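Next comes just one chain, in structure tokens: the form predicted alone.
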């Protein structure tokens, strides 16, 4: 049986409060909750949650009494950054959902030489909303940070290299497989993955990754679609982090 409805909010504090317009609409009009029903409020930025009871409700607003906040029950086991080449908007929306459900800590859209789609300004805000909704649906107590689109070299330097991070550049032509490399790392190690577009990363981009210290690895003999790589790689990380 499913538990109480989970509602993302900007802040979780004990006491009486009125949910914001979006949350109220979601509770009252989408899920048709009633007086006395219980929900779980969660703050995806601070990874805290609390049980709450509805004390007043109409189509425009919902009042609740919130119990003591607690650390979110379900959080990813390790920090993982996905640096994913941009693609058509619907595909990248799906990548953000998958990355959220499979525990990514951060999603960084990268503009690669062979990227098919170049997202418009402000797209990161939409992707953040998608991530929060995916977190609500899957039970996760936080949501990944979503960066604005960046050039590959800058993104690698900021998020995929440096002390404490083991970075990998996914390349179907690489000789080294990803699996053994992941199994050698403990679950406390922070990971980062660079995933190219449908046409793959260019030789110059692969060189930029390896020059920054990322390991060039393959996921196997099959050539996967760009949006499939996210689920395949992060799924493997989930299994090896337990």
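Numbering follows the first chain given and starts at 1. As the structure is a prediction and not an experimental result, all values here were calculated from the model.
There is also a form predicted in complex with another copy of the chain; it is not shown, and the following applies to it.
Comparing 194 to 202, 40 to 48, 58 to 66, 207 to 215 against another copy of the chain in the model of the complex, the single stretch with non-hydrogen atoms within 4.5 angstroms of it is 194 to 202. Although the partner is absent here, residue 54 lies well away from another copy of the chain in the model of the complex, with no heavy atom inside 4.5 Å. Interface membership of residue 231, defined by any non-hydrogen atom within 4.5 Å of another copy of the chain in the model of the complex, is confirmed. Residue contact with another copy of the chain in the model of the complex: residue 15 places no heavy atom within 4.5 Å of it. The closest non-hydrogen atom of residue 139 lies within 4.5 Å of another copy of the chain in the model of the complex. Contacts to another copy of the chain in the model of the complex (heavy atom within 4.5 Å) from stretch 166 to 183: 177, 178, 179, 180, 182, 183.
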